[in-house]
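In structure tokens, one chain follows: the form predicted on its own.
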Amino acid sequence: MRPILLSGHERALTQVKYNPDGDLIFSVSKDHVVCAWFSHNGERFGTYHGHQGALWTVDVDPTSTLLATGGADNTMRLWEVNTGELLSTWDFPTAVKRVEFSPDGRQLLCVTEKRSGHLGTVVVFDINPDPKAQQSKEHTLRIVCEDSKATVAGFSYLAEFIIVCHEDGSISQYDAKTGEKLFNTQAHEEDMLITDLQWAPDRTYFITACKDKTSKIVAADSLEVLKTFVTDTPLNSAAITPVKDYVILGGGQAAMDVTTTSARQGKFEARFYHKIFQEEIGRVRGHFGPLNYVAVHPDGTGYCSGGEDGYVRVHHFDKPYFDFMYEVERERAQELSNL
């Protein structure tokens, strides 16, 4: 599985994202440039210039028409994917740490940082999918996180709930229409920051990554923890693969926490776990620093990772990945083929 190395950023990557068709990858880093790449060969499709500080987050709408970004310049911005034109800018009192479109692309949420007297919030805006349209500056929903800072958030299936993960290891469920808090659960160890939330393809469940060295699959409606994946390193990101029952986890010790300079010590590998059996089945090396984000191709044919080393690595899965099966899976497949 030879990776394609994308080197268009001068500083650490913060998020990488495939568009729904899987033909483009969007990457953001601390160097305030947004890059778009063709996923099959790694050629650069274009860049989006306008942010004045480190970028934390990126998302693309279901039709690959609009792109949303957020960063340390306290703005969320909306771009037209094909032209690179800046369509709209929303200003906030603090940094924007996460953006996400709703499943239908008609809403956009952002998570703002808790800082200098301002509480962390989750703010939702209505979005007109037409790039020529004027976007509303008025939010339709604002959730203030008073108990613990929100780190990541997203829309569940049909935008029924907004799921918010916090820096104290808890997960909250809000009504996406009213903003009412419905449920809260302590999914991870107390006071351990949840670093990522990524959805299953149908958005009925999601996976988290946490500094407590675990990743969990959680049901969106009940917030019940369905699976737990235990590692030996703090995690920054976790993704669920379609087609095969795997999850991919990424993390690694931050440079200041590593006593030796060896990459082996830092544990900078993408880790593959079996989603059902919760066992580690393989690792992919390559980055020279922690993996800050992993994203899976929507068709399950590959994945990409963004690292602290400033590189995006794109992997296309080869045949053994799809052929690998546990004994029970082989038996089940045999039974089905005999029917």
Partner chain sequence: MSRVAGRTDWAEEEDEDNLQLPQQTITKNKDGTETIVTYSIREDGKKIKTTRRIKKTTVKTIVNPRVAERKSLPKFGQEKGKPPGPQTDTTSVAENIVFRPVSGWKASNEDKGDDAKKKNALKDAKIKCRICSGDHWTTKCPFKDTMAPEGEGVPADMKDDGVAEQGALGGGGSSYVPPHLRGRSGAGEKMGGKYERDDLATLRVTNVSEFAEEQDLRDLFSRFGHVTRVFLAKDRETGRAKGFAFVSYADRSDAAKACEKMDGYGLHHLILRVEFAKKTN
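Since the structure is predicted, the reported quantities are computational estimates derived from the model, not experimental observations. Numbering follows the first chain given and starts at 1.
The discussion below concerns the form predicted together with its partner chain, not included here.
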Quiz item: Is residue 42 close to its partner chain in the predicted bound form, meaning a heavy atom pair under 4.5 Å apart or at it?
Solution: yes
Self-check item: Residue contact check: residue 83 to its partner chain in the predicted bound form, 4.5 Å heavy atom
Solution: yes
Self-check item: is_contact(residue 63, its partner chain) in the predicted bound form, heavy atom dist at most 4.5 Å
Solution: yes
Quiz item: Using 4.5 Å between non-hydrogen atoms, is residue 298 touching its partner chain in the predicted bound form?
Solution: no
Exercise. Quick one: find which of 186 to 194, 117 to 125, 233 to 241, 74 to 82 has residues within 4.5 Å of its partner chain in the predicted bound form by heavy atom distance.
Key: 74 to 82
Quiz item: Along 1 to 30, which positions have a non-hydrogen atom within 4.5 Å of its partner chain in the predicted bound form?
Solution: 1, 2, 3, 4, 5, 6, 7, 8, 19, 21, 23, 24
